[in-house]
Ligand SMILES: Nc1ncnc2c1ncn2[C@@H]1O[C@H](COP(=O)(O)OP(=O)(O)OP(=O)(O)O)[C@@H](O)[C@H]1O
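Only one chain is given next, in structure tokens, and it is the form predicted on its own.
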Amino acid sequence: MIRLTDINKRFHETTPNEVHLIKGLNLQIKKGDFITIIGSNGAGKTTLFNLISGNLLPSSGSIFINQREVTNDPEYKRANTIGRIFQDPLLGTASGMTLEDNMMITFKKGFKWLSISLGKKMREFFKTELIRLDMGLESRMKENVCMLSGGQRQALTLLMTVLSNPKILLLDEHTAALDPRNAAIVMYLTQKFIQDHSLTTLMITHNMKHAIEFGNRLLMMDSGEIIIDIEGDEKKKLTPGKLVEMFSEIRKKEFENDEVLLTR
């Protein structure tokens, strides 16, 4: 589904401030993979997502999605294939628009070839989908999204993203800004939607327990490189302590990131 070959990303190239953030990265992702990604701040996790989504273009190397080269394709050309959810719940919805209008705009993005309008039939469809969230939002479809809590907005963003019919889902710390209860709800919904829609998913997280518990494969990044790549039974046997130990053995230094270590 996704193949990155010898990807490098440099910022401020040919200047004294040049930064080589992604370094010769190679990665192959199979259809249906649910990959969790962990690493210290500045490890290159979000830059990796920006390269996959087309928000950034690589300095060198090749990117293929579904066996088609997209290396130089801008973000809008990949948008029908890729859905992305950010840490900030405010980024995924239009605050000044109603809940049903938000859903309509996103739905049209996924099915541009359909001639559809926001009528009775579509409202019933959205209502049925909102019931899946179990948050009572099906009775608030005419309210502006700004009236919703952060957890409700992130759950709505997740549902809207899925309804846009992507093949790939990029989750960029999408529960980090939520309280524990809402984070648990959104993670439950995330796993359910991924399974129901057979989505190929990459999830950045600072939560080591989540990185181990969810998905079939785990990557750890450091200084723009993938230093750990574990899947299957080997992943199931991992513990947060073992991950930290593996990092220290590979990098010959201590893992220093309080935000990650506090979630062990």
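When you see a residue number, it is the position in the sequence shown, counting from 1. In this text the structure is predicted, and so the values were computed from the model without any measurement.
Beyond the structure shown, there is the form predicted in complex with the named molecule, which is absent from this document and is the topic of what follows.
Q | Proximity of residue 129 to the named molecule in the model of the complex, heavy atoms at 4.5 Å | A | No, residue 129 stays farther than 4.5 Å from the named molecule in the model of the complex.
Q. Taking the shortest heavy atom distance, is residue 215 within 4.5 Å of the named molecule in the model of the complex?
A. Contact check for residue 215: no, nothing within 4.5 Å of the named molecule in the model of the complex.
Q) Is there a non-hydrogen atom of residue 42 within 4.5 angstroms of a non-hydrogen atom of the named molecule in the model of the complex? A) Residue 42: yes, in contact with the named molecule in the model of the complex.
Q: Using a 4.5 Å heavy atom cut-off, state whether residue 138 contacts the named molecule in the model of the complex.
A: Residue 138 lies outside the contact set for the named molecule.
(Q) Looking at 66-74, 195-203, 226-234, 42-50, which stretch has residues with any non-hydrogen atom within 4.5 Å of the named molecule in the model of the complex? (A) Correct option: 42-50.
Q. With the partner left out here, if you bring back the named molecule in the model of the complex, are 11, 21 and 173 all within 4.5 Å of it by some heavy atom?
A. Yes: 11, 21 and 173 each sit within 4.5 Å of the named molecule in the model of the complex.
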